[in-house]
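Next comes just one chain, in structure tokens: the form predicted alone.
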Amino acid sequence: MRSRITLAPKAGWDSLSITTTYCMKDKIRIASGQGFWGDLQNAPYDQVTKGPIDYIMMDFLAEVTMSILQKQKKRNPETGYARDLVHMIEHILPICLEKGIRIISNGGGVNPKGCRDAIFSWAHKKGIRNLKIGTVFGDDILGSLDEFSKRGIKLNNMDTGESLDAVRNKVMSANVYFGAWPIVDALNQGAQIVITGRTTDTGLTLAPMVHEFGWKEDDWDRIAAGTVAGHILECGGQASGGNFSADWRSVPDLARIGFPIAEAFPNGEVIITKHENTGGLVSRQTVTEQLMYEIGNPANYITPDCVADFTTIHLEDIGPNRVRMFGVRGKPATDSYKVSMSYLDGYTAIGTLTYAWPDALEKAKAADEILRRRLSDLGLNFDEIRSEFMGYNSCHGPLSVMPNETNEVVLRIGVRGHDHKAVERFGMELAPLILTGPPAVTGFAGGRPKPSEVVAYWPALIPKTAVQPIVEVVEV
């Protein structure tokens, strides 16, 4: 297949036009390199050095992450992306260029071009030339909310139906979930690295399959299979033995866990595996647990690219650390994109005190009652006061049972409200319990709890016709 592509130039640069030839592969290997911003730092390096792969995808974004990045960009317009991504690319790029491994990540956050320029800057210092980086943006609609409202696009809360007007003046970020196709566009244009904004986690894995195998936009079963593979890879080591509930003791060498890899085939079948001589476990059980993670209706897993039916997934162990996935069925994509918005919803402060044996739980409960009474006497009002007794009920809440006396119990108490001064005063009332409450208390070494902003989530839908992803590929 011959394809002519034009690389979009950066301002002041000449346009580049090249012709490339490529053939459909019979298999590609897509490696997971990150499951979230803050994941295992050496995972990308291990994936590109410990065995053969063709692509590495790195998922950095969660709903709250977008608001954090938006705040960073407001302070400094050159930021707003996951800086960890730049450091990881610095570490692996020479290896990827040597082996022909292509990198895909949504770590561009709210500033994909800023992330791209930071990578270019480093590459220049290292003497790397003719590097092609694609960026996908257009998902950040924070500055267009009022315009959409005037056009009759309401962006009401898709869970409650509440009007956006209720929180409009508090909105901190607003991003559309684009899918795989803008990434496919960048790959088709020869990008060796693709940096995106708020792209779906699954789209990072689906895109290389569409690019390499030439799948059509309405090939719903194959698109669904690639989407399911993306769901398996998106949480990093969770599909290869991390956070494994069924039999976590059976997982070997978690300290050197190997992140999962999807061996994808043109017919839509996928084998989930990992590099040999790495820790962790890939089995039907580990993959099944990841498939059940963060899903609603399993028959309708909705993405911008398709609606995947998880009830049609077949899995079988075909060898050590090799699980075959097949039979996935898909349905047509919807006519809407999901929009992830965040808004300021008051303040919170949380503090802890540790009470020692004997009567540790009784002391902690008494301290909680004393503090709550003092807050009430001060006339402080909060939307919520929540207490947990760590070592007793912080995981299981009212279902917890204390069969015998423990050595210590940690009282963790927090408040949430819209009155900053009230939340701040709560922080001043915790330390006095040390000398004016139950005995044998410790663990107050971090100073007074300080108010921090509460960021709330606002999900909405927007017609696909209202927004357009922008793809730019630049070679330097």
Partner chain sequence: MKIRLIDIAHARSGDKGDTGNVGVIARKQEYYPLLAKYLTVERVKKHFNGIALGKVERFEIPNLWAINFLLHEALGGGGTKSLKNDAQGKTLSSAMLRMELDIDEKL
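Positions refer to the first chain, counted from 1. Source: prediction; values computed, not measured.
Below: the form predicted in complex with the partner chain, not depicted.
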*the partner chain: the contacting residue among Ile28, Ala431, Leu40, Val64 in the predicted bound form [heavy atom, 4.5 Å]*: Val64
*Which of these residues, Arg425, Arg416, Lys50, Arg448, gets a heavy atom within 4.5 Å of the partner chain in the predicted bound form?*
Arg416
*Out of 135 to 143, 380 to 388, 218 to 226, 81 to 89, where are the residues with a heavy atom within 4.5 Å of the partner chain in the predicted bound form?*
380 to 388
*Answer for Arg284 alone: is it within 4.5 Å of the partner chain in the predicted bound form, judged on heavy atom distances?*
yes
*So in the predicted bound form, does any heavy atom of Pro398 sit within 4.5 Å of the partner chain?*
yes
*Do Asn156 and the partner chain come within 4.5 Å of each other in the predicted bound form, heavy atoms counted?*
no
*asked:* Can you work out whether Tyr293 and the partner chain are in contact in the predicted bound form, taking contact to mean some heavy atom pair no more than 4.5 Å apart?
replied: yes
*With the partner left out here, if you bring back the partner chain in the predicted bound form, are Thr312, Ile350 and Val454 all within 4.5 Å of it by some heavy atom?*
yes
*Which residues in 222 to 243 have a heavy atom within 4.5 Å of the partner chain in the predicted bound form?*
Gln238, Gly242, Asn243
